[in-house]
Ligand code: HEM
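We begin with a single chain expressed as structure tokens, specifically the form predicted on its own.
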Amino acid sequence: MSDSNPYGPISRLNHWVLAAAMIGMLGFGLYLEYSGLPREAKRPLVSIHRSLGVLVLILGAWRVGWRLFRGFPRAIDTTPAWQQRAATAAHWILLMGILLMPVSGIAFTVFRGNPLSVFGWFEIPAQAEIPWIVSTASFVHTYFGYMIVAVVVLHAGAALKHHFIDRDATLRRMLFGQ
């Protein structure tokens, strides 16, 4: 990719749409986990969360495919090597999370023997209950979710640090493609 326009409009749109979707879903999931709502009150919310998760997976597959196809822009020349390595690791974790979070949620649901209706538009059929898949999917969905929250906070903090402290173009090129 050219350093003069490292993030084209499609890359920027992909980034911000999936950022909003993932942050929203993580917040929604945390709300479901810690709200203290009774099980019956949670049930319709969980159904919405699952349906949105399938939509995030569809959009996320596009986002990840586009990023892999287009490659990763180079860091600003003044960025220290250790920050470049940390940013690369964070980007890979976030891209994996875009796929792993919905896949693990879907697997958790359908391999518990429950179908997954996506807003009534279509249904992912229930599968025979396979306990090791259910427990693995639950573990990934829970603990990778916490890791994603931490990496999102780190990623946003790093972008703000680049903008306000380093005063480089890192954030501006994701906002405006410059």
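Because the structure is a prediction, the values reported are computed rather than measured. Residue numbers run from 1 along the displayed sequence.
Beyond the structure shown, there is the form predicted in complex with protoporphyrin IX containing FE (HEM), which is absent from this document and is the topic of what follows.
Looking at I58, you'd find every heavy atom of it more than 4.5 angstroms from protoporphyrin IX containing FE (HEM) in the predicted complex. Taking non-hydrogen atoms only, S135 never approaches protoporphyrin IX containing FE (HEM) to within 4.5 angstroms in the predicted complex. Residue contact with protoporphyrin IX containing FE (HEM) in the predicted complex: R85 places no heavy atom within 4.5 Å of it. In the predicted complex, protoporphyrin IX containing FE (HEM) lies within 4.5 Å of some heavy atom of E33. Heavy atoms closer than or equal to 4.5 Å to protoporphyrin IX containing FE (HEM) in the predicted complex belong, across 20-49, to the residues M22, I23, M25, L26, G29, L30, L32, E33, K42, V46, H49, ordered by sequence position.
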